[in-house]
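A single chain comes next, written as structure tokens; it is the form predicted on its own.
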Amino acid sequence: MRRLKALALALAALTAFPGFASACPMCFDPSAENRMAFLVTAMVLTALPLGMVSGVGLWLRRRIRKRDRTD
């Protein structure tokens, strides 16, 4: 019950003061160069885990097919 009260208080504080919950200042930088760097970094950080999961999936698929061919 104590944790629930603390969570409710934190949520109330975030809704009362939305400035504290805003994104980093880089997101709203007027410089086009900084915005582009942020965008490229976000795309790389999004694509990296997707590529890793896809790579593991392809590796497993090849391994299973190779095992099936030898049987």
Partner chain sequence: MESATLTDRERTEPPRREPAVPNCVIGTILFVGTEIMLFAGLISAHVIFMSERIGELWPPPGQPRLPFEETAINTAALMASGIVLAFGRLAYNQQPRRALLPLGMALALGMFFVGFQGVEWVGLIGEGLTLQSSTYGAFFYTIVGAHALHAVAALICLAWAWSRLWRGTLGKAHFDSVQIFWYFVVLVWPVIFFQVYQ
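No experiment lies behind these values; they were computed from the predicted model shown. Residue numbers count along the first chain shown, from 1.
FYI, the form predicted in complex with its partner chain isn't displayed, but the following is about it.
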Give a yes or no for residue 64: in the predicted complex, does one of its heavy atoms lie within 4.5 Å of a heavy atom belonging to its partner chain? yes
Can you tell me if residue 48 lies within 4.5 angstroms of its partner chain in the predicted complex, counting non-hydrogen atoms only? yes
Can you work out whether residue 52 and its partner chain are in contact in the predicted complex, taking contact to mean some heavy atom pair no more than 4.5 Å apart? yes
Can you tell me whether residue 58 touches its partner chain? I mean in the predicted complex, with a 4.5 angstroms heavy atom cut-off. no
Could you list the residues in 33-50 that come within 4.5 Å of its partner chain in the predicted complex, counting only heavy atoms and keeping sequence order? 33, 34, 37, 38, 41, 45, 48, 49
